[in-house]
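Here's a solo chain for you in structure tokens, the form predicted on its own.
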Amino acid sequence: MSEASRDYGRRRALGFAALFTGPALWWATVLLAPYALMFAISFYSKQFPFMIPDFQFGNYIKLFSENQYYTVLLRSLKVAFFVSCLAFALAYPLSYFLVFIVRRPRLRLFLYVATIIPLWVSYLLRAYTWKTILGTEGILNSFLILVGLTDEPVQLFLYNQFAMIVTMTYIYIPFMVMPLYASLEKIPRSLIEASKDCGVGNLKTFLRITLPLTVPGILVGFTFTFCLSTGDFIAPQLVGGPYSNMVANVVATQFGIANNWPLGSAFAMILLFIVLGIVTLSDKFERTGRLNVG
């Protein structure tokens, strides 16, 4: 190898190192170090008012042995599942309508932007909006009284899991619409036209072509919505009521009022492992779907 080739190789290596060092340091400092610290604290022992460095699994055992903690974990997973299902049920028809029914590009773009524009609004404001709608003096109760369906405000709309699911569905539905819209938009129209030319009905065309080709978008949407809903903190606090706490609320309590950082860290790590497992499964299913399509 000539000297010029070696110099060129060294310059490329130095350039790559200079380009990679900054993001690597940022990732290690901002992401890896806090997670590593929290993981280490999750094995500490709590002797009020101090945390004793230790290596024991008592905090993790406590999460699954005491009813109050694993009930919160199961509740979080259940609420996140229902939020994801409801968001999908609303987002798929909307995305399909925008891609295949709306013919004018400007109108389609306007409707799409109107769907995702709530992401630019404060999360707290969006949550308070539904607290106002579902409250005893809110729009829903006022309408029921106006039409004569009830004589007094209904208390069932707020401070329960129903209110949490409705509120979080509204908040996270843009994360379901965006990947579904992108997947539907990438479907070649020639495939659908060929299916119809062969005499296949609209329903079979949808089930055999459209739906399978949008599986990657469905998986991405479910992953986003489920993971974000599982770790939600504000919606359960505003509209969930005292018996609707989720994982994030318990973690905040342990780090704040209870001052039990080891237990809070263990709970946070369990949530992190669940999210990583969901992302891994989603990626595996997406790769399998691509291989089957190919």
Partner chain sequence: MTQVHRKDDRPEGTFHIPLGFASWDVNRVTLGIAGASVLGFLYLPIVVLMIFSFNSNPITRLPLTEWTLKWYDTAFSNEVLLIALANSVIVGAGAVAICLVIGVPTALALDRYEFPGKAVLRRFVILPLTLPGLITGVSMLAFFNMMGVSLSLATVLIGHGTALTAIVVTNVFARLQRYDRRIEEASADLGAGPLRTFWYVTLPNIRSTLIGSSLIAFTLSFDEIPVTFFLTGRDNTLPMYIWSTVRRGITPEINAIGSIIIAVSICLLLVAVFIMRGEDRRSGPRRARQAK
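Residue numbers count along the first chain shown, from 1. Since the structure is predicted, the reported quantities are computational estimates derived from the model, not experimental observations.
Another form, the form predicted in complex with its partner chain, is not on view; read the next lines as being about it.
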May I ask you to state whether R108 is within 4.5 Å of its partner chain in the predicted complex, using heavy atom distances?
-> yes
Taking 4.5 angstroms as the cut-off for heavy atoms, does D197 touch its partner chain in the predicted complex?
-> no
Any non-hydrogen atom of F233 within 4.5 angstroms of its partner chain in the predicted complex = yes
Is there a non-hydrogen atom of L238 within 4.5 angstroms of a non-hydrogen atom of its partner chain in the predicted complex?
-> yes
Partner-contacting position among I117, L74, L156, L207 - heavy atom within 4.5 Å of its partner chain in the predicted complex | I117
Mind checking whether each of F162, M176 and V215 has a heavy atom within 4.5 Å of its partner chain in the predicted complex?
-> no
Those residues of 27 to 42 with a non-hydrogen atom no more than 4.5 Å from its partner chain in the predicted complex are W27, T29, V30, L31, L32, A33, P34, Y35, L37, M38, I41
